[in-house]
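One chain comes next, on its own, written as structure tokens: the form predicted on its own.
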């Protein structure tokens, strides 16, 4: 006898009532026409929404356009200069570097990478963390970070856990990539991947949640600020507490030269007299006033990041007597955060991060007819959170200056600024600088730039001083002394 598909169970009356209360009854418009499995998938998506919060979100961010209001008092945020002997603010590098190393050796530090992006803008079909970024080796971004973590683990004698936040779009591909590459030598038990959350996309005019299909809600990633919630919901925070982790080194996946663990920065975060050890940040000096970097500012006495589009340009162009920019400290999305602070942000409504509104073209279906809509102009509102909005919630927050060549080589665009080409150039400049400090000269062009392509593996050196203070570094320098670098060479050290 032919089998028949059993009828789908009736939709729970309480869910219908909650959708009506939230003004989102249209989400069930096509439910009667769906197969049982597709209907179940739609209902699961709806159950995942915080329906009680939607009316407020719609009124605050969709039907209204929140405007940025500059604080009454806005000053440049103070920072610890990269040069610890600086006359502007001297500090004891050796002391704080030791404090950071002690944290790592005690097994109290983990790494956290925000890796939800795809390589679409680079013409790469896959997670951005899988993109080949090594200047010579073409190692993927994930491997560049993994080798740093492995080097620190070997030096400290402690496994350094690594938490990687993916997105629903690239989670499975990311996990498969790690498995296919044997976790790049790291213990699989020390690498935890989990997807970030999503937010429903809203119709700009009505505030109704958009449907991508009759059985699917249109959603968007909830931003890097959503990492706070994802760390909690995924069980990552519970895992950190079980391991005795107290401090998280936060960085984004597209920065090929970021220091996955920086002892000096970690030490300042944990024990500087003006730090609460809750959240600290790294900055680079802006190259010019119009550079599109958020700025660390002191707003009514609290450290905040003001987006470059929100800070008046006349302030951004102000200079000091020596000609340097007064508002100098550009954010590069590198932070140190305490596990306790992250848990508080994730669980205490008083520390909830605000949303940011973006108007976008969102493909969807007409909620009445089910016909596809491919908008020619923005029709939807996407909401996301930014992790730097946690800074003013700290009791006190410090900013530490790093060097652009040392630690900021992002890959965002296929060509031009922040591209694979610029990343390769910066990796080479950094390697040439480290080698010069060890007595090895790279060939230079007429304008003083390296006339070669260089890459120093994390297994060889984590910083310039490693080339003269570690066995692997000294061995590499010895080899280069016996065989000078030729022009146009591609050398992995």
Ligand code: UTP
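The structure displayed is predicted, hence computed values, not measured ones. Just so we're on the same page, rigid core means the largest C-alpha set that superposes within 1.5 Å between forms. Residue numbers count along the first chain shown, from 1.
Here the subject shifts to the form predicted together with the ligand, a form of this protein not shown in this document.
Residue 118 is the only one of 257, 219, 118, 156 with a heavy atom lying within 4.5 Å of the ligand in the model of the complex. For the candidate set 160, 283, 165, 77, a heavy atom within 4.5 Å of the ligand in the model of the complex is found for exactly one residue, namely 165. Just one listed stretch, out of 121-129, 92-100, 267-275, 204-212, contacts the ligand in the model of the complex at the 4.5 Å heavy atom level, and that stretch is 121-129.
Within this chain, residue 249 is remote from the site of the ligand in the model of the complex, having no heavy atom within 4.5 Å. Interface residue remark: residue 196 is counted as part of the site for the ligand in the model of the complex, having a heavy atom within 4.5 Å.
Residue 223 belongs to the set of residues with a heavy atom inside 4.5 Å of the ligand in the model of the complex. The closest non-hydrogen atom of residue 253 lies within 4.5 Å of the ligand in the model of the complex. Contacts to the ligand in the model of the complex (heavy atom within 4.5 Å) from stretch 404-439: 412 only. The two forms, fitted on the rigid core, differ between the shown form and the other one by less than 2 Å at the CA of residue 154.
Annotation: Cα of residue 360 displaced by at least 2 Å between the shown form and the other one, core superposition. Legend note: Cα of residue 118 to Cα of residue 222 is at least 3 Å closer in the model of the complex than in the depicted form.
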